[in-house]
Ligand SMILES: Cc1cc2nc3c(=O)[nH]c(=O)nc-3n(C[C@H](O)[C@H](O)[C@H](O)COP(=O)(O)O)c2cc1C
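Here's a solo chain for you in structure tokens, the form predicted on its own.
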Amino acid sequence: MDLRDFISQWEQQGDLKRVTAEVDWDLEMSHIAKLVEEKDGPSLLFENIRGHAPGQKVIFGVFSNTRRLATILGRPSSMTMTELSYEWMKLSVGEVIRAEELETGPIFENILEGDDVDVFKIPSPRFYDKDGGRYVGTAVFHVVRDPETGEINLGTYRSQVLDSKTIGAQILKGKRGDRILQKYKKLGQKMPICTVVGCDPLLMLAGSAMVENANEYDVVGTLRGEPVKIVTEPLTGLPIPADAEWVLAGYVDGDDLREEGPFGEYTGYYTEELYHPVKKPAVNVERIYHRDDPVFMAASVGRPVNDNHMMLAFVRNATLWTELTKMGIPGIKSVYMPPEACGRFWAIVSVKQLYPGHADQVAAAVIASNTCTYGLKGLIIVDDDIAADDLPRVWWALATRYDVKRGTQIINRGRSTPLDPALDPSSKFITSRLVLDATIPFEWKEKPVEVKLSPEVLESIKARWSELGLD
């Protein structure tokens, strides 16, 4: 399936609205999308963007609710985020299905090069009034290849339009893309790169996941149950989705840094560039490919909850659960990284305790996981009678099962994202972490006895529900 298949499916489900009135790419389009998103409205497909060619479209809200996340994963739209995360976990531990390379694909329907390359022809929005410019990349992934291992990485890095032939790439230090870029720099070479905007949304989810030592195309193929169709981009030799909507191909010179930003990030705050301009890697775009009547994919940004938070929460739920399963940690019942906490900074794990110290083992495993080693600030562990996403019950556990002295661990140093606005600007790469063990200790012989409704009376009442006039 490609992005157009999902658009058709959402439209049939009444979960997509076409906007045919003219809208401005400058603030107006993003503001409309944000207002609809905050009302849990449908995905929006803008079909008439001021100053852009007829036929070009922009879609917002692809990831902004669990209904659409479910259809992206090929599951019923009624499933919850934790249920979907469990499905991802079950599928991802199965047999790997490799990508299938084709000779050509729809992405090559239009090719712009030389003087025809103009990034401003792409209907990329400006989101907020203090943003540094238009952003071609908020729902985007960049394809690069490790020069030593040959492994392909899909990384989601925001991309500002810097000029007609250059876009930014916020490849943060320490991320896999940065490690690959440093290898090219050491070799004295430019890094080939392809920027993909608009594709099977599951590819975007895989690109935003903390996946190490794996090809995200193969991850998606494994989840889909069929291979991802790819083609080779001739300039860079990199694999790109055969049915992508837009692809920008070019190179990154590790020594050529450009000022980029500011940008209203997923934290709900502006990044440090608002006060201190920061130079970052830039992509010199040499070719632009697009399908006929291409669909540009954008994601809302700003304070929770929006597209980015739902996407981050979902993939981190799924990858954390997968990692804990592969580690062999027993008793994991559910995992949840709330979108309200930006989908990254807090995690909740429900566990059926099997032995003394089990909750401590879970805490150590979560913090050591690839998913949570980056950016996590807090972890809450609850017993298996409470689902990780049942927040009222999580609060109940914190109130009645959590003892501050016994259940608190403070970890002074851990890897952080420099986008965290709570951190000291002089030390943006290190954070402290808090573990709250809200479980009843396994080894207690006398445990608190929960007040519960009588199962027999409940069954009797259910049988009389209509008689009682409570339907």
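Residue numbers run from 1 along the displayed sequence. Predicted model only: the values in this text are computed from it and were never measured.
One more form of this protein, predicted together with the named molecule, exists but is not displayed; see below.
Contact check at 4.5 Å (heavy atoms) against the named molecule in the model of the complex: none of Arg67, Thr82 and Val220 pass. Under a 4.5 angstroms non-hydrogen atom cutoff, the named molecule in the model of the complex lacks Pro281 among its neighbouring residues. Contact check for Ile167: no non-hydrogen atom falls within 4.5 Å of the named molecule in the model of the complex. At a distance threshold of 4.5 angstroms between non-hydrogen atoms, Pro125 is out of contact with the named molecule in the model of the complex. Mapping the unseen interface onto this chain, His290 falls outside it, with no heavy atom inside 4.5 Å of the named molecule in the model of the complex. Of the candidate stretches 375-383, 350-358, 157-165, 319-327, only 157-165 has residues with heavy atoms within 4.5 Å of the named molecule in the model of the complex. Checking Thr271, Asn153, Ser92, Asn306 for any heavy atom within 4.5 Å of the named molecule in the model of the complex turns up a single hit: Asn153.
Proximity to the named molecule in the model of the complex, taken as a non-hydrogen atom within 4.5 angstroms, holds for one residue of Gly177, Pro262, Pro192, Gly254, which is Gly177.
In the model of the complex, the named molecule lies beyond 4.5 angstroms of every heavy atom of every residue of 57-89.
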